[in-house]
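Here are two versions of the same chain, shown separately as structure tokens and labelled structure 1 and structure 2.
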Structure 1
Amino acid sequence: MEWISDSNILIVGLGLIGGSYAKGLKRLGYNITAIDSDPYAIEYALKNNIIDDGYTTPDEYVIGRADAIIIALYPEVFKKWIADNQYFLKSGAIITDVTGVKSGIVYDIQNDLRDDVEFISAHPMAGKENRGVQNSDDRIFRDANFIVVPTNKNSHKAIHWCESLAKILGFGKISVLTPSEHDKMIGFVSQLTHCIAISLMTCSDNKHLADYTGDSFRDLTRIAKINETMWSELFLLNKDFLTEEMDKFIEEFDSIKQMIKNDDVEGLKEKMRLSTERRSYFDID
């Protein structure tokens, strides 16, 4: 990661993901500064040697000395942070992010941003059910997917830098997708599945069934424990792709319901054979 060797990395937003970036990069020897409005997060990170330096407000000097900035904020706060603080940035600085949706964010930020700094968007597909820097752990990146999401405003150098960042943090498959390719994929793979898990937990009062559930029910609903502030923003920012995937799912689910109602054994078996075949492509064992 030549661009930033011997350079200052600033992490903005020291939650689970920001903290995990900090741990991974500090372990590799980088000098890590963090800004987070929560004094407890900064205090915890300093005390546990996760960062070298920490601030609770966007300090002009601190932002101005950073060569690379990793922004790990919720989408709306992210936009506001850039609007409020971009004039403090060092000329030539590179900015990346961790946001889970892209089309509704990347173009706006690139259009508003000063011409002498570059924003290369990225999505580290890793997480945990627990929030906060105290739960951060750079092992969640190990073998996870990392998507670099450039637009035609991005330089090859920035794309390459972002791929290197993912590599040194231990990510497995590193891909490059356009914002809309990313958002369509994430609408299906991540957002649709979260909507399903939520619906399964809220569609009926099922607490009394906890005694009877096995691993498969627990597996299906693990992601139903959800950070409501972040995910409601992510859903709305990806409204078109997500509701399109939801419509397709409803249509399919309803057709299976009709087969059950109509005793259509052959139709059901055909769906199950297709399901079994397709699922085998997702095996990693």
Structure 2
Amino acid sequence: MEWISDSNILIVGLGLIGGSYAKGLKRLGYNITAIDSDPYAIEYALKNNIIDDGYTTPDEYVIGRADAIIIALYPEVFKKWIADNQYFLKSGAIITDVTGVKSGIVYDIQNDLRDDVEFISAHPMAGKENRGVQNSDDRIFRDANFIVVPTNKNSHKAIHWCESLAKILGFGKISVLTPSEHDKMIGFVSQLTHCIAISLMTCSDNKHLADYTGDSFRDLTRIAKINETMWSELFLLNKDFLTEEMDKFIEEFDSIKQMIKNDDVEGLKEKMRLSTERRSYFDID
């Protein structure tokens, strides 16, 4: 399927990311239908012209007319949705997702999916701490990173289609990783950082910290306002890679702790110089 203006796009799961996809694609002129079990989400999206049509339960006709389906559900719910509804899909339809882990999801879905329908996995590296379609905003995609996660079951056409989706939504850097490469990377840059933010907020019960803190603490803990249902599922699905990264972090943190205890000024300065150098890789001109 090509990204042509008369394509029917179905978005399943109308939260922050699903809603942001809907806004971006609707703005570009695509016909957007959504399915979400929350009546408020559908009502809000219709009232605010985020979607053209919406349903709170899967509908055979709605699913069957979709040229492309974007799944924005929690991983296990995603797998069940495909199992329950794949036989309604149009032959030749293409499916993509926004799921935060891949190895425990992609292969199961591809193995169970009909041969005349293709699932190409992806991960938009964008978001914010507030959930729900009412907080959706396709501007979060502009110049953000986007990862396409194919397997040997994916066609070059589907990979190109997924890359084109990222481009029309305004993403900047588009990368291609295997499911394993993706999950190892995400264990460090996303899941570990969320674990650190959670730990910072749970290691002290001082309710007056907000009266004293500066921007650095607020910046470090922004992502501690967390969707506990989704993130606990993501952590457990990726626990091998995540705990490996946690072990390396603890080792590094303990190294800095020992330098402080031992008054190792030069060791601390060297760590800080290395930190400054590596952080500069992330700076955008």
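Basically, rigid core = biggest C-alpha set you can superpose within 1.5 Å across the two forms. All residue numbers here refer to structure 1's sequence, counted from 1. Computed from a predicted model, the values in this text were never measured in an experiment.
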Given structures 1 and 2, which represents the form predicted alone?
-> 2
Any CA movement of 2 Å or more for Met246 between structures 1 and 2, core superposed?
-> no
After the core is matched up, is the C-alpha of Leu28 off by 2 Å or more between structures 1 and 2?
-> no
On a core-based superposition, does Met259 travel 2 Å or more at its Cα between structures 1 and 2?
-> yes
Cα shift between structures 1 and 2 at Leu268, which is computed once both forms share a superposed rigid core (Å) = 2.6
